[in-house]
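Each of two forms of one protein chain follows alone as structure tokens, named structure 1 and structure 2.
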Structure 1
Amino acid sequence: MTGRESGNRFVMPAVLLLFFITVYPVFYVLYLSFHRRLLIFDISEFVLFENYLFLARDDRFWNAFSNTMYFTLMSVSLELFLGLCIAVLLNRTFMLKGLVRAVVLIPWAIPTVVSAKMWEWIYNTDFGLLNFLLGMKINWLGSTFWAMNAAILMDVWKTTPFVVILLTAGLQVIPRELYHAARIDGAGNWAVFRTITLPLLKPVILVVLIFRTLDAFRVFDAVYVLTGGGPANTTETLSIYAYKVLFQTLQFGYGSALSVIVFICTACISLFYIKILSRGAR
């Protein structure tokens, strides 16, 4: 037996394990999406594309899709903007720099469910800290306008530190000589940022966008714990809608079709960013 054959035998169990925990569930969900399966009534029949045709006419699906897109666009944009500002500031030399970095990372270290419950108290209409500081009485989580924006604010607070970590790492590898040369040529702060920092940080920004866009598009626990998808489904994302269909109404066929759509959307987002990254690497 050659060394290559011997190595394959050791790798094969890991490959099979990965297949059963990643590839097999995907194909099984795809199989279920072509069926009408209701466990309560013991119904299981092959309906081909009927679930997908119903999904195209489902107003609640389009509402969840719209909510998901709004959440993703707003949260990722704000996280990238704030993360970039904080990373640039932390890249400077100042006293207690290490302590400030540790403080900035605290929100990211708190579990998502704990963060959501904490913000639920902050948003409380009668006893919440936010209304106390603003001197107002806003029903943040009961308003059809404020509820989604409140969830976005919580996600931005929770996840911006993750963006800061990656961008700070990217800033650390930019050669200092470039900044010194720009200063000698008389470049100002904005010119240095626009012509040196931003172009050299572009690959890291794209990696940040990949991670954050995918996470925001699949958001479930943060919004579900904070609002449960309400009020009036105004914060119901695609993942929450799929969860409710699958595990509250037990419609495994239609719920699987929803999951497949979420999977296709995330795959398209990944391919889009990978194409941009590969174009930048040439």
Structure 2
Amino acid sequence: MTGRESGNRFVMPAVLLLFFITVYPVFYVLYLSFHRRLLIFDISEFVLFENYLFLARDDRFWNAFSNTMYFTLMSVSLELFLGLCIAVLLNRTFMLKGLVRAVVLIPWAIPTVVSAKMWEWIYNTDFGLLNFLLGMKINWLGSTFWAMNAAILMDVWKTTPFVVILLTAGLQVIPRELYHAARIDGAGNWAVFRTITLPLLKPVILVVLIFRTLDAFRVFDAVYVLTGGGPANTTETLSIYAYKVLFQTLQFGYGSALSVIVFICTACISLFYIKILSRGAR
């Protein structure tokens, strides 16, 4: 790299744009969160931690928080399991492999809003395909028990392809010789998977977990379009609650405090995973 021309001015446009459209707003949102700010009345007063103190006692916040945790935990673990199954399945060579992989990609490419609407129709109590196939009459999106799980199932459908792709890439770099050697030693399918595939796939699995956990934790459109946070707030996630406070009640101070919490949580999740990753590297 020495003796090269400086590339600073080429980096500048990207860095400046990122600074003004993402970093500056994050500081701005922190600033807003210390204010009582009501857009409609043009009110803005400094209240320091009042929003955060209110937040700590706000049952709806804690409800949204536990909903988000449940959603993240369930959807990420299901995606990982299903993604791993499909990736291992598609790792063989077979006819029409390219076609099958393209089909598996479809849910990933479909706009989240569209998939939410598709599933809303499939979940329809009276005329939905799912109830017909199951021969039941479950009120999927209207019952406090099923709604969140229905949202999770949709999210799993939507994002498993991403997991499959990353894991497939990880599977391809595992040397074939290892499998041959294990076979010669008489290892069965499960033993090969547990002792070779899984340990060698660990770094990729961690990367998948980072991406998916972050995405699931900040979930908005999938659930917002499918259930709108209902019934009785049972599917209201942190992003949805923050969005409603911000843009339906126009309380920019309190809404920003909620946004800051989402930001802090995602930062903690990233740091946690980065720590695991760097420990694995050593």
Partner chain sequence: MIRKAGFVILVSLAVIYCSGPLLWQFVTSLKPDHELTVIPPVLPLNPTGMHYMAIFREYPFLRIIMNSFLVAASTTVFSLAIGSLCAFALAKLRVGFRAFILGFILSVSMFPPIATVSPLYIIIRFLELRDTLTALIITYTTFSLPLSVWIMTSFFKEIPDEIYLAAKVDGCSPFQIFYRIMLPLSMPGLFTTAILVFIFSWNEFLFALTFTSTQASRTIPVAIALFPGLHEVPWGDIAAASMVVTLPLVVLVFVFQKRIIEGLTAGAIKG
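Numbering runs along the sequence of structure 1, starting at 1. Values in this document were obtained by computation on a predicted structure and should not be read as measured data. Rigid core: the largest C-alpha set superposing within 1.5 Å between the two forms.
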| item | value |
| --- | --- |
| Matching structure (the form predicted on its own), either 1 or 2 | 1 |
| Core-aligned C-alpha movement of Pro13 between structures 1 and 2 reaching 2 Å | yes |
| Core-superposed C-alpha of Phe145 shifting 2 Å or more between structures 1 and 2 | no |
| Threshold 2 Å Cα movement between structures 1 and 2 at Met95, rigid core reference | yes |
